[in-house]
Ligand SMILES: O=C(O)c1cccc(C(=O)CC[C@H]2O[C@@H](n3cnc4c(=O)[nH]cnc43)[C@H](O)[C@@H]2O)c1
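What follows is one chain in structure tokens, specifically the form predicted on its own.
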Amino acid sequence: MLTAAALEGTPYDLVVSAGIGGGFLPGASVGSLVVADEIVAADLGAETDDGFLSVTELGFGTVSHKPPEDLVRPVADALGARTGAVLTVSTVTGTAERAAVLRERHPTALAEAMEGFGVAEAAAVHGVPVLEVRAISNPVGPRDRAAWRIPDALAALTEGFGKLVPVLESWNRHDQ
């Protein structure tokens, strides 16, 4: 879509990645909203004898994108959301041990999901800023399907989007 719009001479001004995700307790409880101040590919890299090395540490690219600061704060304020890193993972965390490892590597993380970094990479290729919003459906850690609150998270996201539009309409990326 980004390429087609650019080729048609109507490029996007902003890409918004939104959905549900797991929340790192106590910072992001079930039903709350998180706005990413950093979008991180948390498990893109290599395990070595000395531990995990990110793609950036290996010299092969970036593992982080930063949404515009002058947009993150007003969006978070309007939504009543917390701001912090949202981790993109290729496998959803299912153990307390894995959650602890991610928290140690990414102490500002509030949520994990699976799409944000890919969306941010596509936006970056086109020079378009990106925003990621996540509604928390479950805690990050041991998989307990009985604790999932997907309908509640989707309702929170829907309500949040009603508050998001005026903020986006007033934001001018060219003021940066």
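One rule holds for the numbers: they count along the sequence shown, beginning at 1. Owing to the predicted nature of the structure, the values given are computational and were not obtained by experimental measurement.
In what follows, reference is made to the form predicted in complex with this ligand, a form of this protein that is not presented.
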Using a 4.5 Å heavy atom cut-off, which stretch among 35 to 43, 50 to 58, 109 to 117, 64 to 72 contacts this ligand in the model of the complex? 109 to 117
Would I20 count as a contact of this ligand in the model of the complex, using a 4.5 angstroms cut-off between non-hydrogen atoms? yes
Test of understanding: in the model of the complex, would R143 fall inside 4.5 Å of this ligand by heavy atoms? yes
Find out whether any non-hydrogen atom of A96 is located within 4.5 angstroms of this ligand in the model of the complex, and reply yes or no. no
Contact between V89 and this ligand in the model of the complex at 4.5 Å, heavy atoms? yes
For the stretch 30 to 52, I need every residue with any heavy atom inside 4.5 Å of this ligand in the model of the complex, listed N to C. none
